[in-house]
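Starting off, we have a lone chain in the form predicted on its own, written out as structure tokens.
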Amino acid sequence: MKTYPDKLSRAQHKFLKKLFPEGDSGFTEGELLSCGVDASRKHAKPLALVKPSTVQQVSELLAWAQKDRMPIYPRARATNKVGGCVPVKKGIVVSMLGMNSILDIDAQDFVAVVQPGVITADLQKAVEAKGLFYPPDPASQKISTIGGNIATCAGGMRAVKYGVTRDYVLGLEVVLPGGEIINTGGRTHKNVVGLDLTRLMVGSAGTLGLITKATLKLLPLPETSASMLIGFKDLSGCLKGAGAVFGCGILPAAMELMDHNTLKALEMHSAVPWSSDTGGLLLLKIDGSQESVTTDLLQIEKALSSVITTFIEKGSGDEQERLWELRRVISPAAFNLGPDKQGEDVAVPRGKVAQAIEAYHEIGRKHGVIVLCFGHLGDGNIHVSVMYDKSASGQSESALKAKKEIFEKTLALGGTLSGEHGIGLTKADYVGMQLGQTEMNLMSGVKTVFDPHNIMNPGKGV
């Protein structure tokens, strides 16, 4: 088993202090504890925290880290839910929040060039001011960064129409272990020269190199958008409603599903607009020209007339954000149903969503835990939260059993263990359920080519 430094030598401490002067490095107990946790609630304490502001600093750091076999843990706002940036082998946490400039927005090339610490929502506002559009919209967009989104290939609610982060990354500047700087892709929207190293980097979770700059594809900004929150008596009604929408030939920008347990959690969290006989929700967004959006809404309402609904609420412009805020607060609201959570993001073929969710609910009942399901109905990516109380006897074991059975059912339906959150720490023990040994050997070989001494985010992934 590979071993890593257990503490910093005097020379190592001196090197880091010189490369990252006062304010750009941290060694105190408080600083180390604060940068060792992420949204998964997993935690480990690193040996040091550094905050680069230039690619040259990153290059020098990774050259030193390879020579000293020092683990490197890239980090931004730590909104990932799988322990993806937790420093489980100690090492150095590298906060990329200091590299947070939007370097270029070009309406002719339809690209933006940004540093990894740029907040996703800030980029979206900046490009929209120029009549452009950056579609990826993870639920954490107001606090998550572009670098983190790229590292995890973040999805989001608009993925059903516009795709995920990988579909918008045209090129990257990456520092490799050893300090070499490479540039993959570029500003062109097509490029088939050589292997696609850009796509390989997207979603690699900091295990192959450290991203210091990204060139992103932009689209024309849709003229307008509108949203509909639609209530149904149960899950079956939700699926019939979704079928009616797709059946009228309309592809929503977003289509989100919320089950009865999600509704219960939201009702305990704040005031809600739906009626008491509602057992499931669909939340849709349509975008395009003013004329097309108006026409699409009328067609959707007509299509839904053949399905039993409990209520329909529409919104346009800024007022629709109150509807989407209900979706964004589901994760914190879920803790109204239990103090502890196993949060997963499986994906199944779109036609198997109802079968999957019904099976997940049954697994929860079997093990005496609450299973809450919501997520991106349009692409089959279901967020499954197993809510439990670890202080109650046997509940932790029951939650883990439920988690494993949920994974087994997902794979039996032709699905995947993660649609957008990745593997990190929380799913590392389950990867073999989906991937064969040959596939894992190939991935390990790719990792070795980029990172021969396994210093980049060790302890994660395959």
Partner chain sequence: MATPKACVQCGKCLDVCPLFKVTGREELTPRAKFFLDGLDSPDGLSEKDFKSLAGLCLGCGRCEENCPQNMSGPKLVSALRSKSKDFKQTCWDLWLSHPGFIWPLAAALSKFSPESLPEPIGSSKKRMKSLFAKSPDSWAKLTPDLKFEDRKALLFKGCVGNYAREDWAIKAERFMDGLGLVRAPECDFACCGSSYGSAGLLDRQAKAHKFNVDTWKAVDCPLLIIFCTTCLKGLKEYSLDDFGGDEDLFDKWQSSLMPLSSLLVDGDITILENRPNQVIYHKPCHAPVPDYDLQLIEKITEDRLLPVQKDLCCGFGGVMQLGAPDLSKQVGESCAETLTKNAHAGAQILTGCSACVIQLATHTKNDFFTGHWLDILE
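As the structure is a prediction and not an experimental result, all values here were calculated from the model. Numbering follows the first chain given and starts at 1.
There is another form of this protein, the form predicted together with its partner chain, and it is not shown here; the text below is about that form.
J.: Do Glu405 and its partner chain share at least one heavy atom pair within 4.5 Å in the predicted complex?
T.: No, no contact at 4.5 Å.
J.: Would you classify Arg41 as touching its partner chain in the predicted complex, given a 4.5 Å non-hydrogen atom cut-off?
T.: Yes, Arg41 lies within 4.5 Å of its partner chain in the predicted complex.
J.: Would you classify Asn183 as touching its partner chain in the predicted complex, given a 4.5 Å non-hydrogen atom cut-off?
T.: It does not: once its partner chain is placed as it appears in the predicted complex, Asn183 has no heavy atom within 4.5 Å of it.
J.: Using the partner position in the predicted complex, report whether Thr188 sits within 4.5 Å of its partner chain, counting heavy atoms only.
T.: No, Thr188 stays farther than 4.5 Å from its partner chain in the predicted complex.
J.: Could you tell me if all three of Leu33, His269 and Asn336 have a heavy atom no more than 4.5 Å from its partner chain in the predicted complex?
T.: Checking in the predicted complex: Leu33, His269 and Asn336 are all within 4.5 Å of its partner chain.
J.: Its partner chain isn't shown here, but in the predicted complex, which of 282-290, 165-173, 195-203, 76-84 has heavy atoms within 4.5 Å of it?
T.: Heavy-atom contact with the partner occurs in 76-84.
J.: Quick one: from Leu413, Val431, Ala63, Val37, grab the residue that has a heavy atom within 4.5 Å of its partner chain in the predicted complex.
T.: It is Val37 that has a heavy atom within 4.5 Å of the partner.
J.: Which one, Ala126, Leu97, Leu297, Val307, lies within 4.5 Å of its partner chain in the predicted complex by heavy atoms?
T.: Exactly one residue meets the criterion: Leu97.
J.: Going through 131-165 from first to last, which residues have a non-hydrogen atom within 4.5 Å of its partner chain in the predicted complex?
T.: Contacting residues: Lys142, Ile143.
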